[in-house]
Structure formats: structure tokens, C-alpha cells
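The chain that follows stands alone, in the form predicted alone, written as C-alpha cells.
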């Protein structure tokens, strides 16, 4: 225990960190709550002494925003789809990595690389992989070019139409090699389902390293006697996994699930990396916008009250989901 007579030294050492936390963490949170209830708030006007009415107008403004439900839907859908998939895959990969003897460090390094890579840079790579160059619609009967026509269909006029491209991209090239039709993933005219599929693949791939690291660390700390006893009893691998591995890893699983939901609700940079600051394919700006993107858009439009109110709404959603996860974990987690 620290000697109370020397306690002032401990506070002195902690003072720089505490001051920085107060300035850059605590005060911004307090200020966000304050601004959220100041209707029509403008910082430059506030400096001049302008007074603002206190109310819930900013929250009403957020909810009444025409695309707010779309933004909320995108955020919820990305979170609900990516968190379970990434957590399950991370658990399976961690179990396999833990069982590998040779080259285990090499595989661990390979799986961890995305975690130390800039998310925007990764998003640009994914954008190139799914991108189509020179994509155009052509009339099959009238087409005289040398490019192969894919995804043929009959339009309302009874004409057989199709699509050509100078380059279908890496992913579509793989589909073509398998005898499948290419898909318009992220280019102009692409469907919401295709856009969402790309984002789910990217977010899951980008989220795996951290989850694998946590779960692998938990696996390596499990007492091997449990597995030896199961082996003696002749338990199958599936039974060992569900009856020993999962219960003993439940604290780590709960942790990655909770942090996964928190990260999912804050998705923004991944979409910017793939689609750019338009948050959607060409001609469909804002199609995949999220709550965090909505907050940034409000700030760039000098709607600080709306941005602060949206931030508090997002905080309330994350808090509610986290509390539900904590309640469930109390019944399912074994310490």
C-alpha cells in the first residue's frame, strides 16, 4: 500500500495525465452534453455572448431528419451482421492457431497484420479489388466489340441487353473463372445488397486480428489438464470445443462481443476507405452513411447542436446494447 505521507508524489506523477484527460476527454464529453440541449448553437456566436434556449429541439431535429432512419438502419445492419460473424470466425481461427506447432508464430503474424495497417489504406485496396473499369450496358444484337458480354437480360422493349467492362476487377475475375457472372459491387448503379456485402467482408476481415489475439491469449492460458481428462474419457472434438473451450473462454468471448458491438456502432472509416467521403457509390451519395458519418456531416454544416444530439443518441444506443450484453454475460460467462 502506498504510504499516505508520500501520496502527494503519486498525485504529482499522475498530474500530467490527469490534466490531459480532463482537457481532451472529460471536458469534451461535458461540452457535448451541454451543446446538445442548446437550440441553434453556434460557437462563434456563443463567444460573442449570444444566449441560446435550453430544450430538446436538437434531438427533434435529428429524428426528423429525412435520412436519419436510413443512417440508423445502416449502422444497425453493419453491426448485427459483422459482430457475430467476426467473433465466430475469430474463435475458430484462434483454436486452429493454438493447435498448430510448426510455423505458429508466422501464422499469428500474418493474421495480426491487418490490425497494424491503416484502415483507410485497407479500404482503398478492397475498393480496387471490387472495382469495375469501363463498365457499360450494351445491346447484344448491336454490339460489335470484342469484350465478353455478361449478365444478359431482356428489357421492357424486348431487347437483349448485357454488360461489358475493360476490367472486371480481381473479385469478379475469380467469379468469371468459376463460371459465374460478375457482380456490380461498388460502382454506379450497384445494389444496396452488393454494397453491404462488400462492407461486411471488409469489416469482418479488418476486425479479426484483434479478436484472434484476445481469444488466442485466453486459449494459451487454459489449463491443459481439462483437455487431457477429456481425451482419457474419449470425448469428441466437438464436445471438447463446446463443453470445455467455449466455457473457459467465455470471459474473453464476452469481451470481444461487447467491444465488437461498440466498434460496430462507430463504423465510419471503413466506408470512407471503400467508397470515399461520398459514403456510397457514384450517383448515390450517402447511401451507406452511418451514425458517425451523420455526426461529421452535421459538424461540417455548422449544425453543432444536431451533431451533439446525434452523438448522445448514439451513446444511448451503445450503452443500452452494452448493458444487455453485460446482463447476458452474467448468466453465460464462467469465471
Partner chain sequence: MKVKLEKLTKRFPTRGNKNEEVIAVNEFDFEIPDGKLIGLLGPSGCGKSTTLFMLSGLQKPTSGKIFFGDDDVTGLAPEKRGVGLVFQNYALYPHMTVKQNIMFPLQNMHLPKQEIIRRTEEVAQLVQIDELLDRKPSELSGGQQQRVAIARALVKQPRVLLLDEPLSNLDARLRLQTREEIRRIQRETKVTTIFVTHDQEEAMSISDLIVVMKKGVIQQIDEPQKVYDNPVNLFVSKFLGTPPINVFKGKIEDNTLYIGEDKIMKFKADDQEVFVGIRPEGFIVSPKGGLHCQLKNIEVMGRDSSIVSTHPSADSPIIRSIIDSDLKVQPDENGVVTFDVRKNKIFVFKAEGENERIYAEDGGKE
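Residue numbers count along the first chain shown, from 1. Note that the coordinates shown come from a computational prediction; the quantities given were computed from them, not determined experimentally.
What comes next is about the form predicted together with its partner chain, which does not appear here.
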query: Segment assignment from 243 to 251, 261 to 269, 92 to 100, 198 to 206: heavy atom within 4.5 Å of its partner chain in the predicted bound form; finding: 243 to 251
query: Contacting member of 188, 174, 229, 110, with respect to its partner chain in the predicted bound form [4.5 Å, heavy atom]; finding: 229
query: In the predicted bound form, the residue from 87, 129, 122, 235 that sits within 4.5 Å of its partner chain by heavy atoms; finding: 235
query: Non-hydrogen atom contact residue 239 with its partner chain in the predicted bound form at 4.5 angstroms; finding: yes
query: Contact test in the predicted bound form: residue 146 vs its partner chain, heavy atoms, 4.5 Å; finding: no
query: Contact of residue 225 with its partner chain in the predicted bound form (heavy atom, 4.5 Å); finding: yes
query: In the predicted bound form, residues of 273 to 299 near its partner chain [heavy atom within 4.5 Å]; finding: none
